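What follows is a pair of forms of the same protein chain, given separately as structure tokens and numbered structure 1 and structure 2.
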Structure 1
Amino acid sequence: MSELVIQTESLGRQFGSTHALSDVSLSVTRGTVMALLGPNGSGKTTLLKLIRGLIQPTSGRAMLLGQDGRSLTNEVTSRVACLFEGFVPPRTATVKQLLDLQAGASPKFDRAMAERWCAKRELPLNRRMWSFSKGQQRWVLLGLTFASRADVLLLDEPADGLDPSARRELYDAIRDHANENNVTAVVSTHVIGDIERVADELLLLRKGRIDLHAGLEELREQVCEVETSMAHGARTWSSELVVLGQREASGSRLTWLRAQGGECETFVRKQLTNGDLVRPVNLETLYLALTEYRAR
């Protein structure tokens, strides 16, 4: 049986009268790269902070590496590396000083790895952070995070400030690092196309609740898009298919369906009429179907 690295049970967090997160129960096994998606305000950052024990839940609990997030030991926290959106290190610190600080905080810190990481991206160790662009500063922080040799990475918009080529390089690095070191990574992002290439699982939050949690390979099989003519009227689908979302455009109706226990296209093709089209769905399209075009 795969080792459970992260587990939450009916996890919730309120800020005053606002329910930032409600009734979140999930399990993440070792070596998994999980894409954490959701609209702004859906609870993504709150979930990451609850898992790490940076804030306390108002209901339920979060377990990290076998310990309750409310009382993590130093041994466990040293095995977790976090990078949150908006974090900026001291502007006057040099890269070398940041490496020194990280070495003191992470028992397994791989200084040689961090130095190679910076050298590859032409980030001199004697330079101060204020002298770098936003993207360069992000690369420094990412190098510190990877070189910590943590068992769990909690990454909140890790590609913030990076151009498309650099984003691709980063997500490839996340996938390679997870594969080579059996590391679990939870990655919150709005740039869906990048994470789709490397993630194993999708966790979609909506209004503080889990809207969908599934493996990406499973979703690729179970979800499809059907284009039908508006002239044929609304379509009723068989009980094996769940309508996720719909939109109308240029005389056609696009419907996104999820099959219950089988391949979506197999069920759909039995019900198509002349002119109907069925297509596979990428992660970005699925996200839009579940958010902007969600079935009511």
Structure 2
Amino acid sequence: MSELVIQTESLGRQFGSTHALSDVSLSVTRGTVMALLGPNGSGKTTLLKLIRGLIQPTSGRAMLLGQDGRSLTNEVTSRVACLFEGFVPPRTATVKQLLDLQAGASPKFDRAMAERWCAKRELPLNRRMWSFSKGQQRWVLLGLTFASRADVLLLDEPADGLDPSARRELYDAIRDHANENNVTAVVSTHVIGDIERVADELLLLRKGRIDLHAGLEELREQVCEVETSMAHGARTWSSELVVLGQREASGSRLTWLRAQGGECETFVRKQLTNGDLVRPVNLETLYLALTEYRAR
């Protein structure tokens, strides 16, 4: 059985009267790359901070590498690397100073790798952070994160400030890093197309609650999109199929269905009428189906 790296039990956090996160129970095993998705304010950053022990839960608990998030020891914190918006080094710090700090924080820090990473992106070690663009600063921090050789990566919007090719490069790096070192990564993002290439699991948060938690492969098999003519009126589907969302556009109706215990397309094909089309869905479409066009 795979080692549990992250585990939360009925985890919740309230800010005043606002429930930022409620009743979140999940498990993430070693080597998994989890995409953490959700609309703004759905609790993604709160969840990551609770797991890392940067804020305290109001209910439940979060375990990271076997320790309670509220009392993580150096043994665990040195094996975790995170990237949060707003957690920025002083603008006067040089790249070399940042490498020195990371070397002191992470016992397995690979300095040569960090220097190669910076050299490849033309980020001189003696330059100060203020002299870099936002994207370059992000590359420096990502270099530190990967070179720390941490067992767990908690990345909050890591592609923020990166151009499309750099984003692609980043997600390739996450994938390679996870594969080569059996690293567990939880990555929150709004850029769904990129994360789809690297994620094993999807966690969708909505209003602070888990809306969907499933393996990506499993979802690709279980979810499909059906295009039916509006002229046929509303369709009813057999009990094996759950309607996730619906959208009407230019005379046709798009319906996203999830099959209970089987391949979606197989179930759907049995119920199609003339002119109906069935297609697999990508993660971006699924996300929209579950948020924007969600079935009431």
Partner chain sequence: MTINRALLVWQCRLMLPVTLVAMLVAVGYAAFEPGLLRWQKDFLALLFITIHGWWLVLSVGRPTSGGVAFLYGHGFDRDTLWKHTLLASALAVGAVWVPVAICVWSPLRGAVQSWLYDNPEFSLMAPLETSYPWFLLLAYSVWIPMLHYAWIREAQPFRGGSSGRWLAVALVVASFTIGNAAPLRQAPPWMINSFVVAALVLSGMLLLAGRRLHRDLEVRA
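Here, rigid core means the biggest group of C-alpha atoms that superpose within 1.5 Å across both forms. One-based numbering along structure 1's sequence throughout. As the structure is a computational prediction, the values presented were derived from the model and not from experiment.
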message: Can you tell me whether structure 1 or structure 2 is the form predicted on its own?
response: 1
message: Superposing on the rigid core, I want to see if Pro164 changes position between the two structures - specifically a Cα shift of 2 Å or more.
response: no
task: Examine Phe87 after superposing the rigid core and state whether its CA is displaced by 2 Å or more between the two structures.
output: yes
